[in-house]
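Presented below, as structure tokens, is a lone chain in the form predicted alone.
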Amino acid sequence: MAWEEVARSLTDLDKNREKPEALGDILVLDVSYGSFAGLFTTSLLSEMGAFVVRIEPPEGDIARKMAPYGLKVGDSSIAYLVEGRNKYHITLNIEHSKGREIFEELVAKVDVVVETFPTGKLDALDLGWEKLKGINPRLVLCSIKTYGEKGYLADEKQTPDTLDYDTVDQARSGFAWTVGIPEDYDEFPEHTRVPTKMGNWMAHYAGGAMAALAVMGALLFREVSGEGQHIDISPAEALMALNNYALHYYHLTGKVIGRVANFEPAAYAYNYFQAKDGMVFIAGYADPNWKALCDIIGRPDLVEKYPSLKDRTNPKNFIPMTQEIEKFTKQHTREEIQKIWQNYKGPGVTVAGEVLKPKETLEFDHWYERKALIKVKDKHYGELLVQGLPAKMSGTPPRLKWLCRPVGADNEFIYRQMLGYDQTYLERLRKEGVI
């Protein structure tokens, strides 16, 4: 059997329910609020098999309202529907004294708590780390917030008592400064030449990924030591860790690296070009590869004009070089450009590929074959197209079990199973505003 067939068989996602789950015996409380960093953390843990109980206030998490142009399905934004996956949803008012007592009961029974309240909020409610580890010494508490748990901004309370916002994290990380059109590109209107946030909530997703990794590391250490620990995650720091060389450039030169739009400061050509029907990505930056690119488009004069990598990575040359190459690419469709590049047999290596439009991405069969995109029929929210599971694993594969639940949908099941509450008691708690 060919290796490709073996790999396909070993990681067949249709068979993942037949295999064990890596975190199948781990119980997690997600008490994050208004934060996709916290939501993404527990989404990743739940995919790996953790039993995740999502705690919302009785009126529901404000994250359910975070929707583009107000677009919602039922009671939830489309973003929350995805990050509510695999989780049991209950309501609990921890501002209420009885709610805090119930929260402590739950903490005693779980392995992990993920929270995103403003710094000091849990301490003010007498639910801080010292209190919680006294209740459960094996607990892993993961706190996620812009400025973290420690540091002068957190310690001296110089920040407003607000939620962690992705756009603030992006700005604080230094990442937003590196994205967008450079200030000295006079070809563009002045109002467009500004630092630009990334389109998605990248800081929250980076923070959530780092948090999930840290939680799994803490759980592994607990297996050896028997001890839990407190994890302090700042999404701004998580995104900063992904900032490949902007910070190091400043350290070495004392200068802030300028924005370069779609260009790559370390290589040219390595960017997008306009085709007749959209955009293409073209790379050919080492000297022999640059020559190959110029041979393909019939422009040996560009090799003479920009002979070295230093010439080609001079920011002043990015737009003129792109304009010259686009004299060729604008005459061809994306498919034609790909074929032209594939048919090149000369020396050097240069590549070209389509930049897919969103509609084309959703029509790309490859993603459905790999289940990177999945159509799900949900009993609460109908048929939805959602992201699949990036990790393909032969032994303990992740799973998408269900999408989101409505606010408080699992109150009876979870409170009965974990704390033994009966229907009469739950109804009393509901009337008192506790759940």
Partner chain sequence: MVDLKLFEITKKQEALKGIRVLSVTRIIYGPWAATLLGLLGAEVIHVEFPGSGDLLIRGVSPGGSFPRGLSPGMMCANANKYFLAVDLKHPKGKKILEELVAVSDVLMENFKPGTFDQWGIGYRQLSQINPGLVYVSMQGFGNWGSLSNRPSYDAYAQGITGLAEITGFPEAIPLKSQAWIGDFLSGTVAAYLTLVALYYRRKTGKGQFIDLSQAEVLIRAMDWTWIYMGITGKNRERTGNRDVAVVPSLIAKAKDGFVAIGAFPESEYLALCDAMKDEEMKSYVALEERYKHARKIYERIESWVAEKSVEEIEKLAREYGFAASRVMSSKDIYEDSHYNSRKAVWKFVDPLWDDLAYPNPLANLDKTPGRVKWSMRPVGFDNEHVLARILGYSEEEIEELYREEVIGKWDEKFPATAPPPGWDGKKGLFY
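Treat the numbers as computed from the prediction; the structure is a model and nothing was measured. Positions refer to the first chain, counted from 1. Each form is matched to the other, and the largest set of C-alpha atoms that superpose within 1.5 Å is called the rigid core.
In what follows, reference is made to the form predicted in complex with the partner chain, a form of this protein that is not presented.
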query: The partner chain contact in the predicted bound form: residue 402, any heavy atom under 4.5 Å; finding: no
query: Contact of residue 92 with the partner chain in the predicted bound form (heavy atom, 4.5 Å); finding: no
query: 4.5 Å heavy atom contact, residue 412 and the partner chain in the predicted bound form; finding: no
query: Touches the partner chain in the predicted bound form: residue 380 (any heavy atom, 4.5 Å); finding: no
query: The unique member of 122, 102, 257, 319 whose heavy atoms fall within 4.5 Å of the partner chain in the predicted bound form; finding: 257
query: Residue (of 328, 306, 88, 129) lying close to the partner chain in the predicted bound form, criterion heavy atoms within 4.5 Å; finding: 129
query: Residues in 191-215 with any heavy atom within 4.5 Å of the partner chain in the predicted bound form; finding: 191, 192, 194, 195, 196, 197, 198, 199, 200, 201, 202, 205, 206, 209, 210, 212, 213, 214
query: Rigid core superposition, residue 136 Cα moves 2 angstroms or more between the shown form and the other one; finding: no
query: Residue 289 C-alpha shift between the shown form and the other one of 2 Å or more, rigid core reference; finding: yes
